[in-house]
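For reference, the chain that follows is the form predicted on its own, supplied as structure tokens.
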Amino acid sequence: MARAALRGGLSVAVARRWLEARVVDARAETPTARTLVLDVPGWPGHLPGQHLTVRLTSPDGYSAQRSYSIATPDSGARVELTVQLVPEGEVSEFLVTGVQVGDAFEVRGPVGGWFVWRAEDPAPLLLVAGGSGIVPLMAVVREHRRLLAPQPLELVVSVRSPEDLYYAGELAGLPGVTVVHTRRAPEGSGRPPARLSAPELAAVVARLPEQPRAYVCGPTGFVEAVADALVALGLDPAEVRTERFGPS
């Protein structure tokens, strides 16, 4: 992790400390995903695209750790995570179905220096998410809007069905958002369910005034297919940043 990623130039040693995170709010995003709003005194700050590590410890001393993307820009001690329930995932099951407002656990971070967006970067933004891969990209979208940033931005989200779309209400009112459904489209949709295609990506890229910096996040197969398609469309591979999500 780069030192520059930390607010106020705080040291890496500070970022590596375990901090207490108390749940101050929680809301369902989909039937299998939940956003937790955490109060983390001493949080050193973060950049959109970074993630943190959650550590749960049981009374008998057993502990488990998992990494989760941060869904919001830096906002002092408040940090939001959106966690997808993974079958047989002991940490995700607790965070999605077990933890309650007022409960506390430990977090450490932020982590990640490559898959981040800095507002001073003038390049247009192309964000492509597969399913829960939207979480770190939503932090970029929210920071872009908070700053009224001038860079053109296009967001493409691929989900199986309308019920699987995170932040649906917030995205519905935003410009530059394309949602594709792979298995079931909403009633009245003019697009039949199908995977995100290269021509659809090309149409989005064409709406940007110059070559964008692309951020692609999702399952490994999705990320590789999108990254290959973007390079085939002429994007510089160095401008295509990827992050893959695995089971947690």
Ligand SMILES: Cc1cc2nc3c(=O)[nH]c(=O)nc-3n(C[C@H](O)[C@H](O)[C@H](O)COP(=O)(O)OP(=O)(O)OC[C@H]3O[C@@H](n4cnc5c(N)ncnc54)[C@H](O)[C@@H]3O)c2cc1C
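From 1 onward, residues are counted along the sequence shown. This is a predicted model, so every value here is computed, not measured.
Only in words, not in the display: the form predicted together with the ligand, which the text now covers.
Three or more atoms of the ligand lie within 2.4 Å of backbone or C-beta atoms here once its pose in the predicted complex is superimposed on the site C-alphas of this chain, so the site counts as blocked.
Contact annotation: the ligand lies within 4.5 Å of heavy atoms from the stretch 66 to 74 in the predicted complex, the single such stretch among 182 to 190, 66 to 74, 204 to 212, 22 to 30. Distance criterion of 4.5 Å from any heavy atom to the ligand in the predicted complex singles out Glu93 from the list Glu106, Glu93, Asp103, Glu170. Contact with the ligand in the predicted complex, judged by any heavy atom within 4.5 Å, is made by just one of Gly89, Pro152, Gly113, Pro162: Gly89. In the predicted complex, Arg244 approaches the ligand with a heavy atom inside 4.5 Å. The ligand is not shown here, and in the predicted complex it never comes within 4.5 Å of any heavy atom of Leu126.
None of the heavy atoms of Ser158 is located within 4.5 Å of the ligand in the predicted complex. In the predicted complex, Val135 approaches the ligand with a heavy atom inside 4.5 Å.
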